[in-house]
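Below, in structure tokens: the form predicted alone, a single chain.
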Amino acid sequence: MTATLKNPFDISGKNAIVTGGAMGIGFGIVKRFVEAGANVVIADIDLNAAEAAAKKLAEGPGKAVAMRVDVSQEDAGDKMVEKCVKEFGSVDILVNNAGIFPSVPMLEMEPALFDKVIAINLKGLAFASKAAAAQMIKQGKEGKIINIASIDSLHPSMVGLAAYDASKGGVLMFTKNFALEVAPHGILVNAIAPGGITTEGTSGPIGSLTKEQMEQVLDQFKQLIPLGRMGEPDDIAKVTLFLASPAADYMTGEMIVVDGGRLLK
């Protein structure tokens, strides 16, 4: 993983998996990777959206292929790795981006919903990481695993996100522990903690909140951001590209906060 003086951010020819890659932050990451010359498996529960995303990026220079996957299923990690190896020959980068954030106060929370949040946001991430790392070790090559956490890994944003916050707190500690485990194999595991990002998922109703209530929540949240604006998917995508590139070859077990300064307040 020696960075060239010419371009330490070069990931051309690398093969990646991005979960939840059809829209929002995930698609922003896929777009940056493909533009940088990487080949990407867009793994998403919405196959139509994933295929549409791949079509948008058909001009390359990297290639993008779509697959349907539910990351909460036990064999999801193995299926994604198998797809990436079949299409491109190896797995060099995994971005665990898929996640859900239903807004339900804990006093109203049903066990099934709590379990679903943990299954997608934490367990799915962990076992996708296991599958990817096993393939990287089998290849005898170094690799990068990047987990999309949240500023809620560090501090709660609002009432109603207890399950989400628990899952994202888990992502932070999983990142650190797994980084320790796979470091001897040259596999680097890091996380990114986005703040408020404007995506398809945040522009509509969420959980018990109506679209109008969600707009109010986001407006209040925006007022607490020192940079004065919500983030965009590309704000996260650019940092993901950094972590995937040789520029971040001496980093592992870390989490980069990308929140416009929100946690300063």
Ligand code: NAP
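Just so it is clear, the model here is predicted, and its values are computed rather than measured. Note that residue numbering begins at 1 and tracks the sequence as displayed.
One more form of this protein exists, namely the form predicted together with this ligand; it is left out here, but the text below deals with it.
> Give a yes or no for residue 69: in the predicted complex, does one of its heavy atoms lie within 4.5 Å of a heavy atom belonging to this ligand?
Contact check for residue 69: yes, within 4.5 Å of this ligand in the predicted complex.
> I'd like to check something about residue 126: if you look in the predicted complex, is any of its heavy atoms closer than or equal to 4.5 Å to a heavy atom of this ligand?
No, residue 126 is distant from the partner.
> Under a 4.5 Å heavy atom criterion, is residue 23 part of the interface with this ligand in the predicted complex?
Yes, residue 23 is a contact residue.
> Would you check, heavy atoms only and a 4.5 Å threshold, whether residue 196 touches this ligand in the predicted complex?
Taking the distances in the predicted complex, the answer for residue 196 is yes, it comes within 4.5 Å of this ligand.
> Which single stretch, out of 137 to 145, 104 to 112, 174 to 182, 90 to 98, brings residue heavy atoms within 4.5 Å of this ligand in the predicted complex?
Contact-bearing stretch, as computed: 90 to 98.
> In the predicted complex, which of the listed residues (65, 225, 217, 45) lies with a heavy atom within 4.5 Å of this ligand?
So the residue touching this ligand in the predicted complex, by this definition, is 45.
> Indicate whether the candidate residues 120, 149 and 168 are all in contact with this ligand in the predicted complex, with contact defined as any heavy atom within 4.5 Å.
Every residue of the spot touches this ligand in the predicted complex.
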